[in-house]
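Two forms, one protein chain; structure tokens for each follow separately as structure 1 and structure 2.
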Structure 1
């Protein structure tokens, strides 16, 4: 249990997280057993959440409600580069014809902010809004390589040595490479999005199955990813530490 956590709230959010995971309308009993709470309690919480439009009740079945859109839109505008990144991502996807990801870095953690799928149908089970690994993804490693030593020490998890060993190479190239580290048969390159002070705010990456992503393409895609990262930074009026929305 966290330090200051109001029980009703953590319960309510565990229901929301449950609904977000399932992505399908669930009944009260299903939810109750999933979050391990009495039916009556879950029912009351759902009722209350529905009043806030955080969930949507459809004849006894519940799902995530439209309030989420409002909040996510606000979050995106706070991040600052989310909107500006859309066109850069589109370009990158069109240039590579592969799946591209946008990440945002918040308080030592990396989150999927957006993605554009490859036109080829290949499963990539990344989920927008989910937490991403700083150590296993190319985007994460590219981001870490641009942190100061002090910032590296403040990370929630300790930095593995083998990741730190890659930093000189990443800094020299400008992008990070991930060779089937995260997932077998998948290769990706990622670059950090830096603000005006050189601090990382997020990252971009291109991922593809190795059979479409041979070693000789690494350099090509690497440069494209860097170009995208740069254009995202430049496309934003201000990427100051306290970026406000217009």
Structure 2
């Protein structure tokens, strides 16, 4: 009985993930094909999810429902990270005029928590709430470089040797570089956000097209993301100290 309930829950989340990725209404057949489930099963799950307002049905097509807003807001409030970081992110974006990302680290995985767009045109695939690469992104590599050997062994995926080889340089300068590794045409620098005990809470990065982010700007932006990471750490610490005092 329990395994059946877990299977139903897993299938329901696969449908929600599918709709979240597509960001557009889908028909039952399209969803069934994407999640590899029978149409009848998908229809029953959609009916239950619609009852909870997790999805909305419109003319035979379905999209993510308003329940997601409640869950997202609850997570952001619980983490307390995004609100404490917003001022530092805004400053970093204004200083560089480029796209800034905030990441949160949870149980061996990295997620986009906030994104401030560049005032200039740039096409990026990042989405708030999406999973981010620990091995390709500058933010991910900066965070990994802050982990202990024991913590690195507990990662869900095996750490590539070429990534581990970058750690001494990342630790020495305080930030990591993604030179068109995650997305062609984009260069990024990122720094880890550590708590008072030196444990990673997340990371912050600046991303820009290579024609606006030449190699001579790497150190300049690297120092700025380090400054932002320190500011965010202080903001989070102040927020947590205030909540404990209250």
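In this text, the rigid core denotes the largest set of C-alpha atoms whose superposition between the two forms falls within 1.5 Å. Numbering follows the first chain given and starts at 1. Since this is a predicted model, take the numbers as computed values, not measurements.
Of the two forms shown, structure 1 is the one predicted together with the DNA. The two forms, fitted on the rigid core, differ between structures 1 and 2 by less than 2 Å at the CA of residue 195. Residue 62 is among the residues whose C-alpha shifts by 2 Å or more between structures 1 and 2 once the rigid core is aligned. Residue displacement note: residue 218 has its CA displaced by under 2 Å between structures 1 and 2 (rigid core superposed). Taking the core as the fixed frame between structures 1 and 2, we note the C-alpha of residue 38 moving 4.9 angstrom.
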